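In the block that follows, a single chain appears as structure tokens, in the form predicted on its own.
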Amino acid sequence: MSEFVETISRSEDGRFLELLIGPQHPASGHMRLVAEVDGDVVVSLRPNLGYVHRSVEKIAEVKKFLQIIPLVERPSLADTTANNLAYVLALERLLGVEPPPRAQYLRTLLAEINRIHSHFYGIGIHGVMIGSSTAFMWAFGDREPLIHLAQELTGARITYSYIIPGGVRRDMPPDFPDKVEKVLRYIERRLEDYDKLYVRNPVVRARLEGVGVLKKEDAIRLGITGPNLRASGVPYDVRKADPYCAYPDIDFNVITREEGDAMARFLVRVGEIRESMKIIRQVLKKMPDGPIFAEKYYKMLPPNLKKYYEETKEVKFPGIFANLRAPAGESVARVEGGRGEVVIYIVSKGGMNPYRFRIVTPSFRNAVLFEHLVRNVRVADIPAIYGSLDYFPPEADR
């Protein structure tokens, strides 16, 4: 815990010590935890947020609709596709446009590739928090093949801006399915190693089992989302509850656990990696032929951009979207990201930028868990619980 603790002071009555943990990047992002301890028992803990506030909502209100696509990706980094997709879905509902089937499948493909490498990010951070540098290096190394796939599909490593109104920017390369299958077989073998290193490791089990237990009724009452909710036995997943893109045509399971502890949250993410691989294989097998761009916008392309699209299967960016206007109205969209439910709300008055823009991220909704779970536990349990939440401060601060 030495790298976590910044300041120690004694309370006025002299009984409790106050520990200020952070905000010098104690683990994943900048935040501060204010803990009161009695010996090495945490009496209470309060998260102090806002150190990396990005002002995404207010900036969006002075940006064109097109410019908001890369903007919404910035807070989440390891899980950027969810924000990109949620925003474009909300915008498409305003515009009254439906992307073609192939574009829906390509969106789903990228979302699941991103989900896997987002989970590996969370697993790696969790590992190093409880002292396993091996888990950290393994997980971050195993992210790379997925990042390379995403880069080949989109042209970028992390912030893809791949999903645009009416479809996606480019089609997948002809040999992409073979490369994906090679990576998935590699990940399957590696998960067996994680099982030996982590799941069956008595030290890891001692650190995580029975620690930071979130009861099912508390998870529902607090509005928790994502793997943290499902690890407490609640089978809620937006991909099933309110299907979008290609998910209505895909067979997959919602991974849940009943224990609700730090170990269960880790195991849910491992299970979701396996389900994402199952989804990816189905997407590639069922991928329909056809355009990747809505006919409505294809007809609006000038001859030179139309020719470019037909030759390359790539939409010239920004092209016709540079001065995109949305009709007056409001819309909302939600998707299931790697860390949980992402919600986007747009109010338009008929111009080239939103009148009001709202984004609710899973880390923002899950921040309440610090105060709820880190109570009457040992100081050494703080990083074990923190890491199990896959909490990302910039995503919460937005």
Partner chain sequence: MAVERVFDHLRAIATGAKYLFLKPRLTLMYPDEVEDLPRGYRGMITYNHETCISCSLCAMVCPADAIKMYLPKEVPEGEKRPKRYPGINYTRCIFCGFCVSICPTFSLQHSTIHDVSFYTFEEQIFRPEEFAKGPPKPQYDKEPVKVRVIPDEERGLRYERV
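Positions refer to the first chain, counted from 1. Remember, it's a predicted structure, so these values are computed and weren't measured experimentally.
What follows is about the form predicted together with the partner chain, which we do not show.
Judged against the partner chain in the predicted bound form with a 4.5 angstroms heavy atom cut-off, the residues Arg239, Arg257 and Arg375 are out of contact without exception. Screening 104 to 112, 258 to 266, 291 to 299, 147 to 155 for residues having heavy atoms within 4.5 Å of the partner chain in the predicted bound form returns a single hit, 147 to 155.
With the partner omitted from this view, the residue of Pro174, Gly141, Gly96, Pro248 that lies near the partner chain in the predicted bound form is Gly141 [heavy atom within 4.5 Å]. When the partner chain is considered in the predicted bound form, Arg274 lies well away from it, no heavy atom lying within 4.5 Å. Taking non-hydrogen atoms only, Lys286 never approaches the partner chain to within 4.5 angstroms in the predicted bound form. Taking non-hydrogen atoms only, Leu197 approaches the partner chain to within 4.5 angstroms in the predicted bound form. Of the heavy atoms in Gln282, none are within 4.5 Å of the partner chain in the predicted bound form. Along 62 to 76, a non-hydrogen atom within 4.5 Å of the partner chain in the predicted bound form is carried by Lys63, Lys64, Leu66, Gln67, Ile69, Pro70, Arg74, in order along the sequence.
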